[in-house]
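There is one chain below, alone, in structure tokens, taken in the form predicted alone.
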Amino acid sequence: MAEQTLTLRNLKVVFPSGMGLIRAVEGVDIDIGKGESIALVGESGCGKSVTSMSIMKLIESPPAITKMDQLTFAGDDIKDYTPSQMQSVRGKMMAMIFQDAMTSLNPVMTCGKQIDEMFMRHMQLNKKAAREETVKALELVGVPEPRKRAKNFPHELSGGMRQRVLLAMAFACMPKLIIADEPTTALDVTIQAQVLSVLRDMQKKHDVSLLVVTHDLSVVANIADTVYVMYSGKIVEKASVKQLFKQPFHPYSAGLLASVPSLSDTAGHFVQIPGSVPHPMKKPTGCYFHPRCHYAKDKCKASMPPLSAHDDGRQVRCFYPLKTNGGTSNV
């Protein structure tokens, strides 16, 4: 069995409110092997970002109530780590790339100074030595004239350059795990491809484990080894990227794939999943996806299907998986 970087078991995140409980995440399990690239996929509101932030213990409690059976990282049990203990893990051992570089970076500090702090905090370097490492980090992720760019403020750089600064910060201390939360959302298609290429190359070159949180299946195709499809706080399918794109078993996975426009598409119209993700305080009985599912039966409305293992190694939360339907769905 491959060496595990992260093992998460039975993560549950609830936000109490005056109107009831907001059940954001319900019993999520995730395994990330050393050097493995994992994608967590789903529509907005499915609980992806809450899951990723819970792994780094960035969800404040209160207001959230976070429970998990196991959180093992690099061989250490960090489930009960205090905030001060997590400070020594974040940045050095585990890093996050947030989706909007403009709001993630401090607008009143130069980009270089923000990266300098990583080296000064985690590697105890002085200012001069830290700046040299910062220049190297910027150069590694393809920033032209890195010494000059280090003196720029975030607003002086393009969106692609700002995202590369976040990549440089994430890889600065060569952590064991990087979590990228929608890393290309605010970028145009050409810059997206460049940023993803840098992220993938850096991850492979340094054998870093990667968790990419996204709703964009083109990102998944380019970067992931294994895909977790998430819907309304639960994992509904886990499969290798090849398995998922060749033949999705869950109707929701099939709907996500069918909604991606293709150059070879002759249908002449967009396919879309009807309805929307249920409100976390008003989830339906049974399978949460059944109100939007073309294949739903009475059994789906009555009880929640378990996440069942199949012969090809994937896991699917569905009473009637699509393995006999050619992996297509008219949800």
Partner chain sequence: MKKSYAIKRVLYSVFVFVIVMALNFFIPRIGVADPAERYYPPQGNMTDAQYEIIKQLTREQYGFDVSTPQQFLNYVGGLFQGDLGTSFRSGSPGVMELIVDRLPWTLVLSVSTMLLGLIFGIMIGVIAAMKRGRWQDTTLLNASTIMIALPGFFIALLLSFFLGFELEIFPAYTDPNMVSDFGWNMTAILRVIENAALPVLSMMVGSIVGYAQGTRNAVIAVTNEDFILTAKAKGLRNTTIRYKHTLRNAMLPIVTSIGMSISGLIGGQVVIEQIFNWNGMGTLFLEANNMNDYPLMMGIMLLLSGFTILAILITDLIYVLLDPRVTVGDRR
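Numbering follows the first chain given and starts at 1. Every value quoted in this text rests on a predicted model; they were computed, and no experiment measured them.
This next part talks about the form predicted together with the partner chain, which is not shown.
Trainee: Which one of 96, 137, 236, 150 is close to the partner chain in the model of the complex, taking close to mean a heavy atom within 4.5 Å?
Mentor: Going through each option in turn, the one that passes is 96.
Trainee: Within 4.5 Å of the partner chain in the model of the complex, heavy atoms considered, which of 74, 125, 105, 78?
Mentor: After the contact test, the surviving option is 105.
Trainee: Can you check whether residue 146 is within 4.5 Å of the partner chain in the model of the complex, heavy atom basis?
Mentor: Residue-level check for residue 146: no, no contact with the partner chain.
Trainee: Can residue 90 be called a contact residue for the partner chain in the model of the complex at 4.5 Å between heavy atoms?
Mentor: Within the cut-off, so yes.
Trainee: Although the partner isn't part of this model, could you tell me whether residue 133 comes within 4.5 Å of the partner chain in the model of the complex, counting any heavy atom of the residue?
Mentor: Result no; residue 133 lies far from the partner chain in the model of the complex.
Trainee: Using a 4.5 Å heavy atom cut-off, state whether residue 121 contacts the partner chain in the model of the complex.
Mentor: Looking in the model of the complex, residue contacts with the partner chain include residue 121, since a heavy atom lies within 4.5 Å.
Trainee: Check 109, 114 and 155: does every one of them have a heavy atom within 4.5 Å of the partner chain in the model of the complex?
Mentor: Every listed residue reaches the partner chain in the model of the complex, so yes.
Trainee: Relative to the partner chain in the model of the complex, which residues of 28-54 have a heavy atom no more than 4.5 Å away?
Mentor: Only 53 sits within 4.5 Å of the partner.
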